[in-house]
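Before any questions on how it binds or moves, here is one chain, the form predicted alone, in structure tokens.
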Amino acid sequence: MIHTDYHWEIREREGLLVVRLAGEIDHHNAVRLRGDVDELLLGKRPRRLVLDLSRVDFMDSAGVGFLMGRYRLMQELGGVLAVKSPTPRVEKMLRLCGMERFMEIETDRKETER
């Protein structure tokens, strides 16, 4: 059975949009997630987008592509993207891909714990 569900919650305040994702960001659901988030971004046009990944269990290369696409869209909108609280497994993947060159990766752990 293929798990294609993801969930999200949004919080916003003056120029800031926080999208808390939960579930999996993989090739099965990245397209739908991309469309949902892009529609939100184009409607709200925040200056700063924070993707909270604290509840993302799994992310493959399609998830990395999803993040890079949102990075590019935020650049086009004149804003910035940050990733918040990735799980250790997801954070490792992000750092192996060099994602910190493109976006802030905010963790709740101390630098020495990585």
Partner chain sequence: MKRTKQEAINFAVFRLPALSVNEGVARAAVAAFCAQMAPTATELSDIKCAVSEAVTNCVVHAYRERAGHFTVTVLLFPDRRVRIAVRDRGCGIPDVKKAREPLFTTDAAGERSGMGFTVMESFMDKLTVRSVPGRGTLVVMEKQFGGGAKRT
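Numbering follows the first chain given and starts at 1. The model shown is predicted, which means the values in this text are computed figures rather than measured ones.
Just so it is clear, the following notes concern the form predicted in complex with the partner chain, a form of the same protein that is not shown.
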Of the residues R48, R55, R34, K84, which one places a heavy atom within 4.5 Å of the partner chain in the model of the complex? R34
Considering only heavy atoms, tell me if C97 and the partner chain come within 4.5 Å of each other in the model of the complex. yes
Is there any non-hydrogen atom of L41 lying within 4.5 Å of the partner chain in the model of the complex? no
Is there any non-hydrogen atom of K92 lying within 4.5 Å of the partner chain in the model of the complex? yes
Is there any non-hydrogen atom of G69 lying within 4.5 Å of the partner chain in the model of the complex? yes
Using a 4.5 Å cut-off on heavy atoms, which residues of 53 to 83 contact the partner chain in the model of the complex? F58, M59, D60, S61, V64, G65, F66, G69, R70
